[in-house]
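One chain comes next, on its own, written as structure tokens: the form predicted on its own.
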Amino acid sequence: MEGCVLVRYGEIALKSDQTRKWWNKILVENMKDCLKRNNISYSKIDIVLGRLIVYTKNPKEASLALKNVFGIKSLSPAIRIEADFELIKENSLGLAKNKGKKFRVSARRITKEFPMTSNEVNEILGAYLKERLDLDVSLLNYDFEIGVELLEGNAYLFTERVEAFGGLPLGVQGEAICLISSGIDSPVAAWLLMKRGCKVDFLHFKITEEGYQKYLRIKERLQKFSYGHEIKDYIIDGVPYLSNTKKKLCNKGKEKWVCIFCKRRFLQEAERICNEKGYLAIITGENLGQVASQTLKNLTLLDSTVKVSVLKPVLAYDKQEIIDIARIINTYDISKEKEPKCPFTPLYPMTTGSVEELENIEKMLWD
């Protein structure tokens, strides 16, 4: 008997043989990074017919850590034994003790050399456990499940299925840079692009020390999902630019444009870094209509100021949907902590800016 974790993936299975082989290789490397960072020892990771099998003496602990590795759909702490039905009965008996009254057996023959069908294993093993432990079989309303996966002469037995986040292995879609603040939306945007296989680094516009310290803690939380990639960050002191720009705008009676100029500068700094470092896209946490700078007209205006693709993964989400994800990824509590309001925000921000107006104001400021 050997302890292990059965790892199941989702979308990888839909890819061509060549892509699946490449993505599995990246997924395994990310899993190794996860286990190393969490100080979990293992002997090897096998890739066998739609399963990744991690051999470890700490399958429960490994499962809880690995659920944060993107590309994994679910995991089961398991034991591996020889695919002999008497051994399966004996070990299932031990797993079923003190688990509850109602149960079911779910067997699957991934390879077909085992002489019994999946249904036969379900029926005979279920009847055996029912009689020996005085249990009740319930296919729908059960307290626990005995899982049996039969694969290449081995049986993998488990009672738990840990749901993971799915998505694609981090790194299969290249690298992008995220404009990230201490708020709720941008950490969620970064996480969603990580989930779709992007390595994501951060650009933070520092305006207050309190906001910067919150950002650092958010980065630490998101690193727990970035296995296979150490998040790099770029910090820009936004105060000198905003102080100077707001003063000039106020002198020209254009104070309401401060947020547009701030966001444009943020995007242009990100574009510069993309060109220097080779990032493929900029990620933002913009949510349509949520604040004045995020009207459709303003978003279109701002995107026109850069030539790099700007991705907005939370654009169409309801605010509550974003909050729900922020809670799941454990950044919401940090984002909700109080911090000083941005001192540069105008009383009445521009909501319907145009490219022509922006260009005219730009000339007015610097002439």
Ligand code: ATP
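Just so it is clear, the model here is predicted, and its values are computed rather than measured. We number the residues from 1 along the sequence you see.
A second form of this protein, the form predicted together with adenosine-5'-triphosphate (ATP), is not displayed here; the remarks below concern that form.
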Problem set entry | adenosine-5'-triphosphate (ATP) contact at Phe266 in the predicted complex, heavy atom, 4.5 Å | yes
Exercise. Would His204 show up as a contact with adenosine-5'-triphosphate (ATP) in the predicted complex if we use heavy atoms at 4.5 Å?
Worked result: yes
Problem set entry | Non-hydrogen atom contact Gln290 with adenosine-5'-triphosphate (ATP) in the predicted complex at 4.5 angstroms | yes
Exercise. Contact between Ile180 and adenosine-5'-triphosphate (ATP) in the predicted complex at 4.5 Å, heavy atoms?
Worked result: yes
For this session: Could you tell me which one of Val172, Ile184, Leu157, Ala83 places a heavy atom within 4.5 Å of adenosine-5'-triphosphate (ATP) in the predicted complex?
Result: Ile184
Problem set entry | The single option of Gly285, Gly167, Gly126, Gly147 touching adenosine-5'-triphosphate (ATP) in the predicted complex, heavy atom within 4.5 Å | Gly285
Exercise. Where does adenosine-5'-triphosphate (ATP) sit in the predicted complex: which of 96 to 104, 149 to 157, 204 to 212, 219 to 227, heavy atoms within 4.5 Å?
Worked result: 204 to 212
